[in-house]
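Only one chain is shown below, in structure tokens, and it's the form predicted on its own.
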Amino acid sequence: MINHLLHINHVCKQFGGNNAISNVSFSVDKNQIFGLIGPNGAGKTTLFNCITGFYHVTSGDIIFNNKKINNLRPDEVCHLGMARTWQRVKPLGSLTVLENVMIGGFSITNDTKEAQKIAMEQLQLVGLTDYASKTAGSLSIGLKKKLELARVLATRPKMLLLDEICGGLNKTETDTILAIIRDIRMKGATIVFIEHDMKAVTSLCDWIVVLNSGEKLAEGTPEEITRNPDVIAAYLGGVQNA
């Protein structure tokens, strides 16, 4: 596990008698862009919730930066250097864009001026500097996605978990987000990426794991995954024909 930043070891998550995640294992290397794909209901977001402390696993281990994090709270996971976005962006609409991002900054500093400095750096990175004084609720969905990204980046994470960050965006907006993600990786972060846009996934990711019905169906390079007959039958056929 020398180069692994995240190791998922035989993780299971049950809700009552339902196995949402069943015996899933994989590792994410440092500075990797790692794709997690599969049909709706495959367990992708549930696994994200387990990794980031919103759910506790039923069995198995989640190891981040050589530390077992199974039973930590989300804020404790964040302080270790892991942050996530959500499928549905929900900024604090009455606050300004800058204030929203400062909230992320306050996870690593108690100084208001320092939090503001951190926030402005992230707004510049995602291209929202000109919107700093606008209320977050007034932004378009594309700009809210950028705001969501800036807010989690303000925690200065070692690993960033992105849950359909391109969902609802047009091609131009998606291309902009992908360019930002590549820039984030160049600055040293590791990224785990849930996405249904296969062009985005294959252009961005170094390695991909496919979930289906809570189980790991396959893993490999983008080329290997797009040629895998089991993946095509379970997922890509429907995506490609949509």
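In this text, all values refer to a predicted model and were calculated from it rather than measured experimentally. A residue's number is simply how far along the shown sequence it sits, counting from 1.
Separately, the form predicted in complex with a small molecule exists; it is not shown, and the next lines address it.
Remark: of stretches 27-35, 61-69, 184-192, 40-48, the one touching the small molecule in the predicted bound form is 40-48 (heavy atom within 4.5 Å). No residue of the trio 84, 86 and 221 has any heavy atom within 4.5 Å of the small molecule in the predicted bound form.
In the predicted bound form, the small molecule sits within 4.5 Å of a heavy atom of residue 55. The small molecule in the predicted bound form comes within 4.5 Å of no heavy atom belonging to residue 99. Though the partner is left out of this view, residue 225 does not reach within 4.5 Å of the small molecule in the predicted bound form, counting heavy atoms only. In the predicted bound form, residue 216 stays away from the small molecule, with no heavy atom inside 4.5 Å.
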